[in-house]
Ligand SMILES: Cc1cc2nc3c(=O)[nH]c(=O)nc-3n(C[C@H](O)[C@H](O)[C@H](O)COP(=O)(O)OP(=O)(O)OC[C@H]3O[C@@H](n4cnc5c(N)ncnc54)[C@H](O)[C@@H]3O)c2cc1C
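For reference, the chain that follows is the form predicted alone, supplied as structure tokens.
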Amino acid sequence: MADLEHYEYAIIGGGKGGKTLAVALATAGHKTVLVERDKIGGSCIRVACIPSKTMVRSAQVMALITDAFKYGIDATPPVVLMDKVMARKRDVVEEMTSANWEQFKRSGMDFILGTAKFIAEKTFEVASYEQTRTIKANKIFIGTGSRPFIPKIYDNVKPLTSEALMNIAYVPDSLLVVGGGYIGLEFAQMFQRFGSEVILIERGEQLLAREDYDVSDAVRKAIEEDGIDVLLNTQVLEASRNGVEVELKIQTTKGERTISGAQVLVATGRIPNTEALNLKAAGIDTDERGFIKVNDMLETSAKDIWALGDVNGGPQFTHISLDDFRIVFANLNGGNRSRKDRAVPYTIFIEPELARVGINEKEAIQSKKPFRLAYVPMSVIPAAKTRGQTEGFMKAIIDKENSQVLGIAFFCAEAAEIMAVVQVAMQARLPYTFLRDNVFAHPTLAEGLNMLFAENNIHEYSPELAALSHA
């Protein structure tokens, strides 16, 4: 065994939560090591949020130019230059990666590029290209993230993951997208706008299974208007290759059929990166899927070992990983923070955007508590008219007893930015009337909040009426 190296703090995994914690601890003067097996900055910067949203923006520009005549502009028919799209994405990624590397160096941390494996309590080996090092730390934080799950049915066709699709050198003539969640939706719309013929396959009765039906149905109609063929209640039975094309045998409500495409993207969920860690050697428990079990303080079953980000089975968003850092760092410094009651906002970056925070209508009904429902279509909001973006709506759940906003679903242009305003009001426990009567600049989309929370757009709602209306 290599000579044992001692650290005060060791972080395994350089994603958002892990890298931020490592920099904070090292900057504060603690002897800290960060171990990352692959890419500096973790998934978000390299293969997830940042590159995908950079490409989403290129697709949005393509759609805007294509639709330019609506705005009185006669534009030359646009052409997607995929090499330029990818070059822009790489530039953004490399700029942010370099900034991360500079942070690492300034902090004074030790950084090791290698794969960690526990061999005993609070002790692990790191195998790198050059050597194997053995590290023992007083406190250890695991943030190894997750990766796309590919069912075995696709073993013979070499399907694309979202990461692979973000590095493709051309626009496929046709693309089969399996999975109607946020990853599948974003890439389906993106490549439809780049020029692919896209078929989206979802095994459930609706896209975005956890959302209210009216939200899901609005999303479906929007992407169908973009030209995407959406197949619901559809199960993939077999996957094979016929020459250069992928063929999927599918079961639909009307029987079996076969569809084909130049490429297939499988976006059916993610699994944790834990199998190589040998967690049992450290006394760390996992659930049946391999995610590390933690309490609300993010502590694992092993003393002085925590898990942050996707690997702990919580919501798989970069901003949640960052909040995991806040919880852990605060508690290391005498705080008492918990993830128990935190807000979990998220956005699906299609057009229109879907932004959500708090409970939805289904969850409000299940709570058995009377609530009020606020709803306004974007078509009545002045700024939406001036922008030519009248598709969608704003919807909010209001507690009938204290008038606080319990949750929102905004399906509209700039939904994420408008959501942030309401989220702050929710966290401050302000009544909806604060937003109704606040002065917003005119004409802006945020001004729509005045209309959303106007009394004529708020309806009394009870579990009894909800049961009847959803029957």
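Keep in mind that what you see is a predicted model, and the values were worked out from it rather than measured. For every residue, the number given is its place in the sequence shown, counted from 1.
One more form of this protein exists, namely the form predicted together with this ligand; it is left out here, but the text below deals with it.
- Note on contacts: among F317, F104, F194, Y154, the single residue with a heavy atom within 4.5 Å of this ligand in the model of the complex is F317.
- Only one of V405, A48, A26, I418 lies close to this ligand in the model of the complex, with a heavy atom inside 4.5 Å, and it is A48.
- With the partner left out here, this ligand still marks one of 309-317, 295-303, 91-99, 250-258 in the model of the complex; by a 4.5 Å heavy atom cut-off that stretch is 309-317.
- Contact annotation: R270 falls within 4.5 Å of this ligand in the model of the complex, judged by heavy atom distances.
- In the model of the complex, this ligand sits within 4.5 Å of a heavy atom belonging to Y182.
- Interface membership of T115, defined by any non-hydrogen atom within 4.5 Å of this ligand in the model of the complex, is confirmed.
- At the 4.5 Å threshold, heavy atoms of T32 stay clear of this ligand in the model of the complex, well away from it.
- Contact residues in stretch 37-71 (any heavy atom within 4.5 Å of this ligand, taken in the model of the complex) are R37, D38, G42, S43, C44, R46, V47, A48, C49, S52, K53.
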